[in-house]
Each structure stands twice: as C-alpha cells, then as structure tokens.
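As a starting point, one isolated chain is supplied in structure tokens, in the form predicted on its own.
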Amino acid sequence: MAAPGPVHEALAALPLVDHHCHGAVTADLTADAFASLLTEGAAWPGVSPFDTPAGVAVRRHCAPLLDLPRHAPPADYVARRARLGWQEVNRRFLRASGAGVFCVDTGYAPHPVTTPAELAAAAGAAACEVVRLERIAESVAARGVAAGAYAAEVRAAAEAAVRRPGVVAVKSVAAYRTGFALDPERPAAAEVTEAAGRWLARGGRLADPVLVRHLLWTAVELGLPLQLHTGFGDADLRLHRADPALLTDWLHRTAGTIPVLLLHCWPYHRQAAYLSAVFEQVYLDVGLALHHTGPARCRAVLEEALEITPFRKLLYSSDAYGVAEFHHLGALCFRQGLADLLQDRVDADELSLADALRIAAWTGRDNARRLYGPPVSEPAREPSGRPTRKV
C-alpha cells in the first residue's frame, strides 16, 4: 500500500457522488437477518457470512464506528448494533461514507428500507432517484392492460415516473431477466403486442426478450442516462449472460443517444473498460465488487478497470443495500484503493500530482455530476460541516 500522500488527503476530503445504491433497512435486524445481508448468496448452513472478505472487512473497518475494537467477534458486533438501534446505526455509517449525494435505485426493496429522502436525512447529504424500468412494466401489467395498449401504457408510465422531482436516471436489470444476448434491433410494434399478450396471459415477472428489448429502447426515447446491471449479482443471475460485451451490437445502434452506465461489472470489468474506450456513450463503475473484495483487494479491481478506461468514464458507486455498513465500506474501499494506485503512479513519475488530483475528483464526483446534471450536487455546508440545505 502506498504511503499516505496528497492524493489520499484529497480523496479523504472529497464529497463523493454514490451514483448507484439502495436504501438502508429501517428495522432492527436479528443476527441471522443481518448476516444474510452480508452476502449476495443464500444461507449456507454451518458457514457464517462473517467468514468472507466482506464479513471480515465489516468487523475490521465498521466495528470502530459502533464503539467496538477492530476485529470484534461477530456476536459482539451484532449485539452492539442491536443496542444502538437501526436509526443510530444508519446515521453513523451513512455520515461516515462522506458521500455528498446518493443516487438511489428505488425499484428493489424486499426489506423495509429508507426512501431517498430518508437516506439523505440520515446521511446529512442529498439524494436523487433512479427509476427501475422493469418495475414500471410490471406495475402496468398488474393494474390491467390490453396487449395492444401495452407499449403506449408503459411509455406513459415511464414518462410520468421520470418527471418526478429528483429523478436523474433509469435502470434495467435485463442481465437478470434475459441476459444481454438479445436481438439489438428495436422491436416492431406488432412484436411488442404479441409478446405482451403472451406475458399478460402467463403472468409473473417480466422476462420476455422482446419486452426487455422494448424497455431498453424505451430508455433511449426517454433521454435520461441508462444504468445497466452487469456482472456480479445474486444467484438469480446467469453470470455468463451478464457480460456487457454482449451489448456491443446494441451499443452500435444507440450511439449518439443516451449515456449507458455499466454497473458493478466484475468479473467483466475489463470488457466494460473496453466498451468505455471505444463507445462514446459508455461509462462504468466497479461498485459492489469494492466492498465484497474489501480494502485488501479493491485496489486490484480498480487497477484492472483503469487499465484502458478513459478517466472521464469511471464513476463511483457502492451498490449498498440493506445494511448501511456497505454504504460506508464501499466509500472507504474506493477512497483507499484509488488513492493508493494514483499516489504510487505519482511517486513513480507516471502521473503528475495535478493529473492525479483531477482523476480523483472526476471519478469520485465530477463524472457523475456531468452525466446526471444539476440535481447531483451535495448540500451546501457550514464551516462545521453540517449541511444547510438539500438539493
């Protein structure tokens, strides 16, 4: 690890834009419920999620924020968390993240979680909303719609959703529903009607390839940045179908339209880096991988992502969900990993200090501001550091 230097100081002080995350749970968690949120996997009888890189990192880097010693035993950690209560736990970790803005995906909430406004209040920050397209389509289907009216109803519902105050982007989980090996062409109206008829008769969640394509092209028409889950996720994913390189033909067809932000990406972060290097509209992050690899290995992931990624194309996200520890740990890993690698390059005379500081600010905050526009701005702060307004 690089010795602390000016890049570390700059990143430590930078109010990050967490351009993709979720809410934190608004309930006190049992030991089992908390442990289950430390992993993307299902329960492992006889194996604790604390015995993973993420679990070890929580005990090392989050325990002190709960007034516990580093490496506190899991039982002590969970007991202390319960004594403090979820409101205080969320407040401590969200503020410790040092994020000025959270862009919150509101389309996934199997647990009771904070709204964007509640997350912002707990963090002393600002929050924006990311609208999930599949949820819109499923809501349209749930309230009843004729197959022939499906496309127009989805478009109208999507337009209404993105007009809500604070919405800065839309998101698709096509990687989960169908994978990316899709026909890249815009589906014809008759195709959409036929596919809608099949899905509406069958029911269930949206996983029809034609209707998923329709959502991606609807996103193009809406004109907002489109976030796409790629790579690492839970067991519902078929990882080989979540390789963003499979989107190449679709990216050719949508060139010059909307920014496409590839989320998480690991282990396909090199493929994502290639796409960002050759397509003007493609950006990426390595969120989720950061806290799951932990401070011990997050630098390696960032270094691989930055091998060829243009510096104006990498963003920060935590993809934290449920436990506010991950909002904090994602930020800590990002700051430490990026500062270490940039400072080493400065020390080796591969980067000027001015360039390194510019890259740090771009990646941690300014790239997101440029893409998402004026709502993505941290609150003004008094000299004490206390926020004075929300944006």
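All values reported here derive from a predicted model rather than from experimental measurement. The numbering used is simple: start at 1 and walk along the sequence shown.
Form predicted in complex with a further copy of the same chain: not shown, discussed below.
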Legend entry - Heavy atom within 4.5 Å of a further copy of the same chain in the predicted bound form - the one residue of 162, 210, 145, 246 that qualifies: 246
Inset, instruction - Identify, from the list 254, 293, 172, 218, the residue with a heavy atom within 4.5 Å of a further copy of the same chain in the predicted bound form. - result: 293
Inset, instruction - Report yes if any heavy atom of residue 277 sits within 4.5 Å of a heavy atom of a further copy of the same chain in the predicted bound form; otherwise report no. - result: yes
Inset, instruction - Would you please decide whether residue 114 lies within 4.5 angstroms of a further copy of the same chain in the predicted bound form, comparing each non-hydrogen atom pair? - result: no
Inset, instruction - May I ask you to state whether residue 69 is within 4.5 Å of a further copy of the same chain in the predicted bound form, using heavy atom distances? - result: no
Inset, instruction - Evaluate residue 88 for contact with a further copy of the same chain in the predicted bound form, applying a 4.5 angstroms cut-off between non-hydrogen atoms, and reply yes or no. - result: no
Inset, instruction - Tell me the stretch among 146 to 154, 263 to 271, 121 to 129, 92 to 100 that has any heavy atom within 4.5 angstroms of a further copy of the same chain in the predicted bound form. - result: 263 to 271
Inset, instruction - At a 4.5 angstroms cut-off on non-hydrogen atoms, which residues of 329 to 350 are near a further copy of the same chain in the predicted bound form? List them in order. - result: 336, 345, 348, 349, 350
